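Okay, so here's just one chain, in structure tokens, the form predicted alone.
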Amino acid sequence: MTTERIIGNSVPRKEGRDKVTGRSQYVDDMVLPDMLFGATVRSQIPRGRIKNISFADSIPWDEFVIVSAKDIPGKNCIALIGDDQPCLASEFVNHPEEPILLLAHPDRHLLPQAVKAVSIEYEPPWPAIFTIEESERCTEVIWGDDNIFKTYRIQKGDVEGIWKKAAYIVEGEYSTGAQEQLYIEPNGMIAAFDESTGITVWGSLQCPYYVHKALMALANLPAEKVRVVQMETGGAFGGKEEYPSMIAAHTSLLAMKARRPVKIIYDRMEDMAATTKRHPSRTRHRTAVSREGKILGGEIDFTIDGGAYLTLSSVVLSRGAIHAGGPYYWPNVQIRAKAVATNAPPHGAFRGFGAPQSLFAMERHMDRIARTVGLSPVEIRKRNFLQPGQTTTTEQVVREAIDLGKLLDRALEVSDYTAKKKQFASKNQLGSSRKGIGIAAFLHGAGFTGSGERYLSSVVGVEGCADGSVRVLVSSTEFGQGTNTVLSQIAAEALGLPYESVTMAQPDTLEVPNSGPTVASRTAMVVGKLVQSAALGVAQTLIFSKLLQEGYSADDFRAACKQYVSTHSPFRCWSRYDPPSDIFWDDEKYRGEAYAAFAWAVYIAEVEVDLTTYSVAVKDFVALQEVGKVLHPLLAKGQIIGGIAQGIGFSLYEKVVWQNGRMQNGQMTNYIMPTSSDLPPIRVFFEELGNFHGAYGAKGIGELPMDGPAPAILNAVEDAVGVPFNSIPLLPEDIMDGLAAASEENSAVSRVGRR
């Protein structure tokens, strides 16, 4: 087998030409005969009982298809984990924007008028809760017995015994806000129904089999009568993981009642107001530290706001809890984590999936420990980094030869950290601005947490085709991150074929197997490894049939494949996930190997704080990460730069303004995000240790860059102005208030001293 190496090269994107030339078909480009357009009538209150629904005479209602909860043939839920979220509210509403009725009409322009013409009368509104603290106090019980969706407890060592041994006990509280995914293409779906074949939906989505499961439960149909097809998808970032099941359910109900295809495309305002966002969080640390600055142990309380329904909060909470200790060695630790209910639209998946929230707290807390002990931010990290052979908070042994001290040293070198820190300190008393530089070190587990991959039992296929090429069959979806390209590279490399000889099947549940959702930084590592195995199976099939010999050329393969297909028809080889023998996880004790592999990183941010406007500008950013193996350098670098850009938004710009559970700034004119002119030079560097569990040594990369920017930036802000800020997004008014409070506190101390 001879070929030019494909892994490690920046080959052209598989779908790139079609996107650039406009040939790519998105869901709103698709038109079916006799298609209707759909719209959603939503709750305008956060919590209450529906008393009456009336329809204004100004609308020709006989032309409309109208669907309520009574029209649901199966279970009125969006099947996912807890199945507590109704598809349509029938009696009670638990958040603003909760769907109540569905409308469809041939004229899409008439629909907004019709939605406004539906009047929903409620009983006197019930009290609602909107914050983590209100939910904890149980001023109102809005979910279960105590407003708690899920709890986890991670226990390692003897926490009770450490406090007396500590030279320092360092406490801190840190919080993060909601964040909108803000993908380029809003959510959209088309559904068609036929009595004999069932439901088919086409949509902008990440996880075809999530939608498939939800529609089976909703419509009470067997698997073979539900078909889900992913169209070209213009961005997702987790925002199209679970929510597309809701839109698919709505279009399907309308299509079933109308007996005509129905399309629903959200506009930007509806998409931002009604769909999921990153979970707001609060983390409390209490840490015992030795005189030398070594962590002896501690307590971490991690809480997230799940919104009105469970959706994915339990698994977001899980990842956040496991990452809460960062890349440090904790001899003793207790992590208590919970997700609580509020009367806001449910929060859900977003790049990083809980880890950005808890790692923000950990890295801000490390700087607080450094100040308390009297060590530098660099030294406090070096003294506490995980070493090979040590265990994580879940008692997973670090088996990789990772040297985080060396990773940090390289990041310090390429960022010119030491010289800049000295220079900024000497010049920060001059002029109307202050400069600072901050560090964040972190890790991110690749793949589903714990037993997740074992339960998924993912399957992929590779097909030998009549023209001698091969086709990859996976439910992993392309939404801009490079799935099609990287999986094609893996198959081509495994078979010794040119990259152009590999194509990707459209994700269609009628044809592709369930290879699991496109989430959790699992595609290149987990699915890619299966693609590699299935591709090798294709070659072995041809070798066993005596049509191909070991050491074959690409031409030999094509000839053998053509001959085999002409005799036997196209053939497929399948590969199913087989859990590694050395990966053990105890779901009950929440202990063991949480992930088959971790990626590791050190980020360094340089900022300038304007003391006139109180705005923060990120002036330089260094991102150094160990990711196993870089399969496609250009895509990998793009993932890092894009994630850092989102992280800068999370840190300094993107504030969701809530009022009674509703997003008030649901437009791109008033939900402020960084533009290209707000971004610094982002310098990306990679280290490669390889990874036995990943295709050609790959680890996950997509979520990693979301974890580090926020703490690095806020550590830099504190370095610049000398005042700690522990909540994001950090807006100019927050800095103004913080500096004023610090000044007042200093004045008070000075007055006491003079007395």
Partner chain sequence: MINSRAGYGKIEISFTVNGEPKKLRAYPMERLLDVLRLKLGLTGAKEGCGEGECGSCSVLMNGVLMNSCLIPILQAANTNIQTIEGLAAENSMHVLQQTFLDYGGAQCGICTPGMILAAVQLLDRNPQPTTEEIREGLSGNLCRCTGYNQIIDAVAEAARRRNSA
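As the structure is a prediction and not an experimental result, all values here were calculated from the model. Residue numbers count along the first chain shown, from 1.
The protein also exists as the form predicted together with its partner chain; that form is not presented, and the subsequent description refers to it.
Visitor: Going by heavy atom distances of 4.5 angstroms or less, which of S521, Q639, T176, T303 would be at the interface with its partner chain in the predicted bound form?
Guide: Selected residue: Q639.
Visitor: Out of R454, R137, R268, R576, which one falls within 4.5 Å of its partner chain in the predicted bound form, going by heavy atoms?
Guide: Comparing distances to its partner chain in the predicted bound form, the residue within 4.5 Å is R268.
Visitor: Tell me, yes or no, whether Q25 is in contact with its partner chain in the predicted bound form, where a contact means a heavy atom of each within 4.5 Å.
Guide: Yes.
Visitor: Check whether D146 has any heavy atom within 4.5 Å of a heavy atom of its partner chain in the predicted bound form, and answer yes or no.
Guide: No, D146 sits far enough from its partner chain in the predicted bound form that none of its heavy atoms falls within 4.5 Å.
Visitor: Taking its partner chain as it sits in the predicted bound form, is F350 in contact with it (heavy atom to heavy atom, 4.5 Å or less)?
Guide: Flag for F350 set to yes.
Visitor: Even though its partner chain is not shown here, does D467 get within 4.5 Å of it in the predicted bound form, heavy atoms only?
Guide: Contact check for D467: no, nothing within 4.5 Å of its partner chain in the predicted bound form.
Visitor: Given that the partner is absent here, state which listed stretch (159 to 167, 563 to 571, 590 to 598, 178 to 186) has heavy atoms within 4.5 Å of its partner chain in the predicted bound form.
Guide: Within 4.5 Å of the partner lies stretch 178 to 186.
Visitor: In sequence order, which positions of 634 to 670 have a non-hydrogen atom within 4.5 Å of its partner chain in the predicted bound form?
Guide: Contacts from 634 to 670: L634, K637, G638, Q639, I641, G642, A645, Q646, E654, Q667, M668, T669.
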